[in-house]
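For reference, the chain that follows is the form predicted on its own, supplied as structure tokens.
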């Protein structure tokens, strides 16, 4: 039985790509998408299909009929950081399982909301299998060898397309692991690079990917400056996140079918072996 998916964030670039990936991977794309009130369009064409755009002003009136027609649908959220918590409340209130790919928002409130409702979801700052594996590695280091970088100084720089409004959620998550090692570093000190000149000349982002990339560098230096460690992960394009989002939907659908619906993250998806 096919899984119905509503991709929210169309007509944005990420929303479009995720919707196209869902179709390519055999999921049933629901012809509706939550979007922002400021979006002028009322519909969009994605993967050869007409998608009706639902705005905060009309979504409550329409969602009941949508849920009746597409029973068991799962939402994938790639909207805007300012919409994260409001959208999550909408999903919980209407008992819609969801995959949250949008970063930003009040993450503590998001996790608390979903946990208290025991709501089936996959929430993660990054949907890439390889980045999730990297995050798991750093978290393991923090847990098993918490004093490995005693006395070191951390610096973090991340570069994304200039339209990304918030600091990288992946960078914030990795910083949390380094903080567990005792490194004195607040995520407000993460350096965001959003101007294209610096992206080209300093970060060495290939010109074709200025509109969609994620370059991160985590540097660790000993107190006397004689030892330097550097962890780096650079992604050009967005396809890796779209593929991971579909993996998350398939994982969540399987968990719900087993009666295990609750809050998961991408590490759970990776451990399950469900990521392509």
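Each form is matched to the other, and the largest set of C-alpha atoms that superpose within 1.5 Å is called the rigid core. Numbering follows the first chain given and starts at 1. Quick caveat: nothing in here was measured; it's all calculated off a predicted structure.
Keep in mind that the form predicted together with another copy of the chain is not shown, yet the notes after this line are about it.
Here is the short version: of 71, 147, 163, 118, the single residue with a heavy atom within 4.5 Å of another copy of the chain in the predicted complex is 147. Of the candidates 85, 130, 176, 155, 130 is the one whose heavy atoms come within 4.5 Å of another copy of the chain in the predicted complex; the others do not. Listed stretches are 231-239, 22-30, 43-51, 56-64; the contact stretch with another copy of the chain in the predicted complex is 231-239, by a heavy atom cutoff of 4.5 Å. The closest heavy atom approach of residue 190 to another copy of the chain in the predicted complex falls outside 4.5 Å. Mapping the unseen interface onto this chain, residue 267 counts among the residues with a heavy atom inside 4.5 Å of another copy of the chain in the predicted complex.
Interface residue remark: residue 37 is not counted as part of the site for another copy of the chain in the predicted complex, having no heavy atom within 4.5 Å. Contact check for residue 223: no non-hydrogen atom falls within 4.5 Å of another copy of the chain in the predicted complex. Residue 112: CA moves less than 2 Å between the shown form and the other one after rigid-core fitting. After superposition on the rigid core, the Cα atom of residue 221 is displaced by 2 Å or more between the shown form and the other one.
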